[in-house]
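One chain follows as structure tokens, the form predicted alone.
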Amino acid sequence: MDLKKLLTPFTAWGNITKDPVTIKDPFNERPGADRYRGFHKNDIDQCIGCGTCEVICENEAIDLVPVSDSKDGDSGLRPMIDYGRCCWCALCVDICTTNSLSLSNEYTWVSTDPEDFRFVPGVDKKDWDNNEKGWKKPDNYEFYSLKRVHMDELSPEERSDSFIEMMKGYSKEQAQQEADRCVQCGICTATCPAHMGIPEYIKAIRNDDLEEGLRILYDTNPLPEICGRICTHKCETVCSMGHKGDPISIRWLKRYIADQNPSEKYKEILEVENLQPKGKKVAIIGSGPSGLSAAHYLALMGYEVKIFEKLEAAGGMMRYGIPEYRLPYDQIDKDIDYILSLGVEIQYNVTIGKDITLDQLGKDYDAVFSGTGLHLGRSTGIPGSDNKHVYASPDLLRWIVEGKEFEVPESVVVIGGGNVAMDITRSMARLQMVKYGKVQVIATALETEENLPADLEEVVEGREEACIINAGWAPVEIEIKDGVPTGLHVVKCNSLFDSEGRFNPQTDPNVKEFWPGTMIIESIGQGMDLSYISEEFKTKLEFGPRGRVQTDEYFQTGVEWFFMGGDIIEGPDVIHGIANGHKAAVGIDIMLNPEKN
């Protein structure tokens, strides 16, 4: 026999000199070990009701129930534990995406009422709520990767003089790896303006069923190639995985599904056939996201749809306001061509109010939907802003798309810190690089660095491309010499809002700078052009804050046959426009078929 095994029993004699553990009152004093798995605790402020605890519980001991208090990115539900089923395995704690759930080391509880043993931790107060002992998720112990899968992109050197798309897209392996991080909680769906079936299409990627994924996308979003590239992805801001790590790359996964499905198979995949004509016609003003969305759903309902577009190509600000390095034209066309294949017609180079009146459309069609977007630039109104060499960003972005020739100067100053400002800043930098082999573009914004309205990735990428982005400065004057700008005078901006939250910038005139530029571009927001609506027609409409036309829940105006949506009503962003167009299509269908109401 091994000597070690022979001597092992005698090691117990080492305890003979130790004091025994004596529990004087075993009926009332039976403390669990420090890491004992006892009754649940839940930090209500941290919990978002994602439901991962409910899903993982094999004993079905957890049910999510509504609670009175909730916040943004919160389902409004909390876990209720049934201790008649709970086996204290602690999987619910281990998988918790916010670390809100834990176990105390309390394990004794006497009650004659069985209902007492079913309660909502953190809501139903218990004696052990402040007990710091018990089971918590160990550090560096995660069921899912906290890091999102990086998408490859062109290097700054490769993209600085090119409008070629910079993001390369996920491979199958990358997409499935990222999809595996999703816990299917669904909070993203509630936040998405279009309420897309996000967990469902991510599951389709995990199952490698991309045709099913496409069907899920098209349930609520007929522009997946576009939205998969430039959606503002508010869904990602509430992703439960983002509480401890990186949120799921929801936008990129949507793009992956759309990229992998060939457009020629869309009708077959989406099972579109034998559309039943209703014998009624709908006119749509503008081929932006809301107009295209409305056209798609109306066509599926059997309506004859015609879009009237002012410009030479469809897409609205998606085509004419977003640079091609972010949104290639062929991907815009892929989404639009499918909508046209449903029988939708687009008449180009038609200006409503000039070539045909709104009243005439109302007579010729059973309903009219307007989604004309925000195409007009806004001016700062500072001295010098009326100079002909001071431009609005929407105009320049459109000229770049149209291939219109204009002078590209060696020095440019952009006023603005939003995404559109970053778009024109980076576009001008590319044009400068092509013409001069160097970049001299300065963008300035009122907001501080941490409060810039542009997406962080836009700011980072712009600086990688040699653009200078100066935050926290207020423009005061554009200096003009011999009829040409020479630069922008700015002063330090100390705050934007007053104590009541109203926009009221406060500056320090003693801290000032001058930034040279022979072209000044204003990019401080966009405005709507409602000139196509006659003054007489406007008297039939109700206007609200910021001059926006008031509509009902289906985007119907005070004129029964006239609907409005998109950025001129709500936004500005593509996904709100898509959601508006869908809802308006439903409203038009109800209006033309009252029996459905």
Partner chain sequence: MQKGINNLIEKFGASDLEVRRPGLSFITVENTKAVAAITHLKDIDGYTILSLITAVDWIEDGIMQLTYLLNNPEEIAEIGLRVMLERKEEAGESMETIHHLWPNAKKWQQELKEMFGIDFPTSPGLNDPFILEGWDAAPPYRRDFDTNKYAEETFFPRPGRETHDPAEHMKKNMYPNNPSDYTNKKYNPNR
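Quantities reported herein were computed from a predicted structural model and do not represent experimental measurements. Positions refer to the first chain, counted from 1.
Absent from the display: the form predicted together with its partner chain. The rest refers to it.
Within 4.5 angstroms, counting heavy atoms, which one of the listed stretches 543 to 551, 37 to 45, 57 to 65, 559 to 567 is next to its partner chain in the model of the complex? After filtering at 4.5 Å, what remains is 57 to 65.
Whether G343 contacts its partner chain in the model of the complex should be assessed with a 4.5 Å heavy atom distance threshold; does it? Although its partner chain is absent here, G343 would stay clear of it in the model of the complex, with no heavy atoms inside 4.5 Å.
With a cut-off of 4.5 Å between heavy atoms, is P323 one of the residues that contacts its partner chain in the model of the complex? No - in the model of the complex, heavy atoms of P323 and its partner chain never come within 4.5 Å of each other.
Would you check, heavy atoms only and a 4.5 Å threshold, whether E513 touches its partner chain in the model of the complex? Heavy-atom contact with its partner chain at 4.5 Å: absent for E513.
Taking heavy atoms and a 4.5 Å cut-off, does D219 contact its partner chain in the model of the complex? So D219 counts as contacting its partner chain.
Work out which of I469, L361, I187, A179 lies within 4.5 Å of its partner chain in the model of the complex, going by heavy atoms. Contact with its partner chain in the model of the complex is made by I187 alone.
Using a 4.5 Å cut on heavy atoms, which of P509, P114, P505, P156 is close to its partner chain in the model of the complex? Of the listed residues, the single hit is P114.
Going by heavy atoms, what in 33 to 47 lies within 4.5 angstroms of its partner chain in the model of the complex? The stretch 33 to 47, when checked against its partner chain in the model of the complex, contributes no residue at the 4.5 Å heavy-atom cut-off.
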